[in-house]
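Before any questions on binding or motion, here is one chain by itself as structure tokens, the form predicted alone.
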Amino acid sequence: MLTLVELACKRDERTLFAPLSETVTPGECVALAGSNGSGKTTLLRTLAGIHSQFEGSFQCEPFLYQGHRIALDELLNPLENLHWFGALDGRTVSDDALRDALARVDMLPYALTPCGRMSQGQQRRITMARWLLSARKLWFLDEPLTALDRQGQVVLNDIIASHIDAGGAVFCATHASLDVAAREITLAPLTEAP
């Protein structure tokens, strides 16, 4: 689903981490580890086609990308936002499917509430509903546990576990441990020449 060949990301001509060669297969969750500034987010943004400064190569199947920014229109309600995401993916999603996804993330009672009136954790749950509606098997997630309370973390871990059990794959950066079996990759800093 994802293959990295001697991939190293750069920022302002500075290489952030030692070249990385990895393969992510169906049914696998891979967690990126490393200190702040080690290049985790930059790596995910590179794989998503948002960051273009890198050496090496990579190949991946069609993917869903969820970065730090939630990307919800705060004036729209969850149903409207999820309809928009479906259209962006070239699909029409039924209202029943949208409601089922919102129920799975415990947000159905807020289906008609403008997203701008919700907490960060509630907005994060709406993005998780988006994942459930996506047909993409490969997910790139950047700090998916951010702003979630304990119950929200349980829901997130359940969604990730169900996704990988169904043959999907998750490649994520997180400082907090997931409650699903994940292979960890630590981005190694380059040693400076003397």
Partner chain sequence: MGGLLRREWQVLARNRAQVINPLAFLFLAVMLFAVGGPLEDNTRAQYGGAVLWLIVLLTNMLSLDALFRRDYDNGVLEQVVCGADVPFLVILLRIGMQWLSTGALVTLLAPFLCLLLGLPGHVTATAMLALALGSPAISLLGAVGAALTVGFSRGGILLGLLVLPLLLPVLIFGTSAINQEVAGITNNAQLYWLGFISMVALTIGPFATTAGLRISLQMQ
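Values in this document were obtained by computation on a predicted structure and should not be read as measured data. Residue numbers count along the first chain shown, from 1.
The form predicted in complex with its partner chain exists for this protein as well; it is not shown, and the discussion that follows is about that form.
Shown alone here, L72 lies within 4.5 Å of its partner chain in the model of the complex, counting heavy atoms only.
In the model of the complex, its partner chain sits within 4.5 Å of a heavy atom belonging to Q53. In the model of the complex, its partner chain sits within 4.5 Å of a heavy atom of G49. Mapping the unseen interface onto this chain, A103 falls outside it, with no heavy atom inside 4.5 Å of its partner chain in the model of the complex. The three marked residues, Y110, R125 and R150, fail to reach its partner chain in the model of the complex, with no heavy atom of any inside 4.5 Å. Exactly one of the stretches 30-38, 129-137, 150-158, 163-171 approaches its partner chain in the model of the complex with heavy atoms within 4.5 Å, and it is 129-137. Within 4.5 angstroms of its partner chain in the model of the complex, the stretch 72-86 places a non-hydrogen atom from each of L72, D73, E74, L75, L76, N77, E80, W84, F85, taken in sequence order.
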